[in-house]
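Included below are structure tokens for two forms of one protein chain, each presented in isolation as structure 1 and structure 2.
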Structure 1
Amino acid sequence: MSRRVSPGIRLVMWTGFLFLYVPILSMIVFSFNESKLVTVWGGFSTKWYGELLRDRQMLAGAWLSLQIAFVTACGATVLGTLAAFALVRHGRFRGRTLFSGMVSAPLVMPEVITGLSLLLLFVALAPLPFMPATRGFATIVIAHMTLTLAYVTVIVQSRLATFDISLEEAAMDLGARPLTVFRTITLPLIAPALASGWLLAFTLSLDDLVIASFTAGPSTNTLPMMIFSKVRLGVTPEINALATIMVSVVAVFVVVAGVLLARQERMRLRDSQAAARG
């Protein structure tokens, strides 16, 4: 049911997509450039990938960032899901406005403010016994969880809003206790939302520079912090290689997921049409 799209709008649209993708494509192309000069083509080479893999500091940073992102994503998914349930299922409760405000504000809050405020909190709490003595892994994870749980909440919330409550009531009616209902009905049905929330939290954490810079201790260097200090000094081909690896991993993942989802939807559509006929 393609509707008429005027040529002018088509032109703007495709220019927009070109705008979005030219920088990424150029990075990928130049990551295979032999020349040290990032902008002059010196022949095909994979030497920058080799150089990247020999860069122990960079690898250590990447490993640290992946660990932080993993813990962050798990924690944020749990907290964000709880917050989404509170917002959708608790109806009106005291302090709801403040609560939903605190959940969604991190979505738009400038990172410098979030980073600064969390650092000052950690400094203020440092003398307390149960807090981490030095800033590093734990403080970055806490900061990232606070930031990313907002995204998880938004995703899970929109799934729960369309969730048919009578499914849970039916399960209860058939003799399932509340926890069984959650495990066998609710959880499987919201699992896709949880998965995309987890992935989004993971990528956001992996990508964050500003908040990590504030909340990291002097000896902690995450991957974005290392990239930033290298990039500040100018363009290096090694970063192109790194970018290409990251973009390809994400692209493969997102495209595969997209294709799978599209196929599933097509099958579902076909099935229900067949069912309606017969």
Structure 2
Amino acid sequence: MSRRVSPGIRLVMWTGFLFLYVPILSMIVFSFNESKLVTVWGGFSTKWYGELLRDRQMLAGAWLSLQIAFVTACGATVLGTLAAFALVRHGRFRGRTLFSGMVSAPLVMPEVITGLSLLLLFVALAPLPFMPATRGFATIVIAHMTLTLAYVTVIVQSRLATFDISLEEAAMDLGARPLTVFRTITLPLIAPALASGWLLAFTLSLDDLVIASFTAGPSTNTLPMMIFSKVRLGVTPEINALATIMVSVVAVFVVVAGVLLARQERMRLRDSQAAARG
């Protein structure tokens, strides 16, 4: 049965929405501002999008950040999934408490401490083989994976904790090999958690400024680092245009993900109803 929402709760809800989204809408509106002053409306214009497309330095920073975020998300998803399986499926093994604490430490560790410790680690290990000799793309990816795999582990671990293991056991009783069971049973059922972990890792890596500032080399500038350096000299409509594009891309991904998840849920309910009728 539906319950009516009290006016007080509605007021708090809409106040929260306005607090979160009005600044974003204002930024989008002023990205089409003719004036160079971001707080003074000078008429509608798209020239700042043209200026952004001609800014090779900004585009190079955006492309570098996207590459780092993609590699980080893929690596963190793999490592986080393995860690989640170890914590959920292997019970009480020696060192489990230490392992769980080390996996969860980046969730509560200040980013300044994480960035500084990783910087000292990279400097100390630079002479060793198979280690990055200079700070740059590789060091940023390693640092971001250290941060984001903890989030992936928590998401996948929560999904595995409620996973019906009898489905895997039934498949193995019917003669399926463990790898086949994982590919056809386990992986599709935990796919939403993997997708959520990947997207969260991608977003955290793309948004990170503090850790990237510590682990980046002098010739490596990610998009957040470039935006921060420009904002200190004053916000320009070009930054608003870049942020508007990023918001639009994220909104498209969110809508597509929502549609896919809703379709998957409808298919699951339809299969469940068909199984119940059968």
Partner chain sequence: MAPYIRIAGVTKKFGDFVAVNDVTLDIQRGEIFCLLGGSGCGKTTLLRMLAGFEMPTAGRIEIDGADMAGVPPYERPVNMMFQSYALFPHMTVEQNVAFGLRQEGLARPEIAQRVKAMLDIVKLGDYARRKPHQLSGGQRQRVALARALVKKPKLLLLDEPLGALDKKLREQTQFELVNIQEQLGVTFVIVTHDQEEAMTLATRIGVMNQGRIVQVGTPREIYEYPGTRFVADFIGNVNLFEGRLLQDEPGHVLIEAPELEAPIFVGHGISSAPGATVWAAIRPEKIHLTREPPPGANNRASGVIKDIAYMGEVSIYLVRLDSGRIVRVSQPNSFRHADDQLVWDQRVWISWHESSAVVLTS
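C-alpha atoms forming the largest set that superposes within 1.5 Å between two forms make up the rigid core. Every residue number counts along structure 1's sequence, beginning with 1. Keep in mind it's a predicted model, so treat the numbers as computed, not measured.
- Legend: structure 1 corresponds to the form predicted in complex with the partner chain, while structure 2 does not.
- Relative to the superposed core, L260 has its Cα moved 4.5 Å between the two structures.
- Taking the core as reference, the C-alpha deviation of R10 between the two structures is 2.7 Å.
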